[in-house]
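Only one chain is given next, in structure tokens, and it is the form predicted alone.
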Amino acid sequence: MDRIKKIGILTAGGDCPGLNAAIRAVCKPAILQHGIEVVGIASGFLGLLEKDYIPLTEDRLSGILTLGGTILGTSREKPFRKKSFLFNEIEKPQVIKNNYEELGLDCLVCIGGNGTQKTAYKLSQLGINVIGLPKTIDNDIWGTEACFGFDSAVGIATDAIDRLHTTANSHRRVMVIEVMGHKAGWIALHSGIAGGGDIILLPEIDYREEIIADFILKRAERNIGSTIVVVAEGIRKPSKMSAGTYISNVISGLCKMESRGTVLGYIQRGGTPSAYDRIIATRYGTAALDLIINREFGKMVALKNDQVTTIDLEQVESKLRLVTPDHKLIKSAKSVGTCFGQKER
């Protein structure tokens, strides 16, 4: 069996804390322990199309563990998207395969979310040796219990909720905070519980506006003048309105109370990674290198029962890990009086 001599690594999709920690965990032992040449592909799959890359050395990897973002850059280029399937009159997947071979790569490490893992699987079908690492602040990649980036995002959202409590209490207002999560409500659920949110609204659980209003009015009757509402951006709402704005308007209209909305936005993606994200990114990265050394390709590194394991990319493709209505955290939140916009039985 031929020795692994050269690998490429890229980060694709949205940025998040922990990407540099993962890059470091794959590349540093590859260079120092195995003598493998490593190239960093710039701007995700776009860099593979344009053959834009940099050699990664020990010096380049030094000091990046604590940095947010990604030293390689990223993009949302999707080479299998039909609308832009051609690149210089050649189909993009074929361009990527040609460049992979011209660079002399033995494996390509793809760090990213659902779209990245889907693309990685399709590239593996073309005969490219691929390993996937799951990152996303949404924590919604199927087949793993944790994605790095999520813990940092929850910490940022929780800190924001903590700060809103003081304003809500001072002015006796209803404060609505919108956090990220188009299809999965993990950030809203975790930060809502950690931050003491009184109402938590998730994309996976439909809500009724009148139940939210009734909950707030009953709090007012008990002389609780302030309420914190944590809303995932992907909840049901009018298409041209943000989730936070819509819920804030609903509350003002139905309750005749002052309600203010805050959209946390991209700040959830930024900054230095939490200790947990640095650790899980490091665990994933070193496990990915082990897979490469053993030539176990076409897999994504995952976490199950706090043990690092693997799952075939074919199983990950086109699936989402969503919050279920019977999730243990929802049960715990309801026990302390949190409202999810549904009538309790």
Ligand code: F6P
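The structure displayed is predicted, hence computed values, not measured ones. Note that residue numbering begins at 1 and tracks the sequence as displayed.
A second form of this protein, the form predicted in complex with the ligand, is not displayed here; the remarks below concern that form.
**Q** Find out whether any non-hydrogen atom of Thr136 is located within 4.5 angstroms of the ligand in the model of the complex, and reply yes or no.
**A** Although the ligand is absent here, Thr136 would touch it in the model of the complex, with heavy atoms inside 4.5 Å.
**Q** Could you tell me if Ile251 has a non-hydrogen atom within 4.5 Å of the ligand in the model of the complex?
**A** Looking in the model of the complex, residue contacts with the ligand do not include Ile251, since no heavy atom lies within 4.5 Å.
**Q** Would you check, heavy atoms only and a 4.5 Å threshold, whether Gly181 touches the ligand in the model of the complex?
**A** Taking the distances in the model of the complex, the answer for Gly181 is yes, it comes within 4.5 Å of the ligand.
**Q** Taking the shortest heavy atom distance, is Arg269 within 4.5 Å of the ligand in the model of the complex?
**A** Looking in the model of the complex, residue contacts with the ligand include Arg269, since a heavy atom lies within 4.5 Å.
**Q** Quick one: find which of 137-145, 92-100, 212-220, 252-260 has residues within 4.5 Å of the ligand in the model of the complex by heavy atom distance.
**A** Only one stretch passes the 4.5 Å heavy-atom test: 137-145.
**Q** State the residue from Arg236, Arg163, Arg76, Arg81 whose non-hydrogen atoms include one within 4.5 Å of the ligand in the model of the complex.
**A** None of the other options qualify; the answer is Arg76.
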